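Shown here is one chain on its own, the form predicted alone, set out as structure tokens.
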Amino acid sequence: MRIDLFFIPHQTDELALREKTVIVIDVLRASTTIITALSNGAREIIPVTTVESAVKISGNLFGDVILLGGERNGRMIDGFSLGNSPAEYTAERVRGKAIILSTTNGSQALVKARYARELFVCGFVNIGTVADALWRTPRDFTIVCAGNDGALSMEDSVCAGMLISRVAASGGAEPEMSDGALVARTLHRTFGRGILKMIRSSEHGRRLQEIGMGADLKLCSGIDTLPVLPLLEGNVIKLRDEQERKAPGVHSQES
């Protein structure tokens, strides 16, 4: 098994990720929001990079089963039904709905990796489920961190390091790792004992607190609180069938 890692999407391109197993991580907040929405019964998530694309796609679908979600600079986009806070994506609001999602960082990473052979969405909240899927059927994989406005983000890097550590600890031979993967694992070893504290002190975490979104940090720091496996199929993200059957309608989240 070989593990590669990119700290920001701009370090790679669509062709390099084609036909690979890719894990996309955007702890604050797209990964956590997607995982929460699907856990709470959303039918599918459609990631797009621009507001214009989101509006165009929504116009071609049935309005009563479509919600527009997303943010720019951390705040809900004007005219959208939802922002990018996982707390907004309750079962009452999203069950049975398709959600078109456009965020500053996460959507960009997801769209860049859309030609992967398989693409999983990972955050702290489902990290054990993703690790289980990777070691149960061992194969090379590439982690793409969404980063923060084109720069490395501490929370994504530490989450990637935790995922690598869990996969490496599952038994068998030590995986071959790129330098990026080794650095991420080292960051996890340094900062992994206090995930919420680390997130609160990160640049992105401080920004969210400044704009009144501090409560999201606790939701995003919970470990294995939402044990589901979101998978990109075509242009939409859904739960794997076996996970879909097991997932309860509403989950509580604790750090």
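Note that residue numbering begins at 1 and tracks the sequence as displayed. Only a predicted model underlies this, so the values are computations on that prediction, with no experimental measurement involved.
Same protein, other form: the form predicted together with D-malate (MLT), not shown, and the subject of what follows.
Per the 4.5 Å heavy atom criterion, D-malate (MLT) in the predicted bound form is contacted by stretch 200 to 208, the sole one of 49 to 57, 200 to 208, 187 to 195, 36 to 44.
Interface residue remark: residue 142 is not counted as part of the site for D-malate (MLT) in the predicted bound form, having no heavy atom within 4.5 Å. Using a 4.5 Å cutoff between non-hydrogen atoms, residue 106 counts as a contact of D-malate (MLT) in the predicted bound form.
Shown alone here, residue 180 lies farther than 4.5 Å from D-malate (MLT) in the predicted bound form, counting heavy atoms only. Contact check for residue 161: every heavy atom lies farther than 4.5 Å from D-malate (MLT) in the predicted bound form. In sequence order, 26, 28, 29, 30 are the residues of 11 to 45 having a heavy atom within 4.5 Å of D-malate (MLT) in the predicted bound form; the partner itself is omitted from this view.
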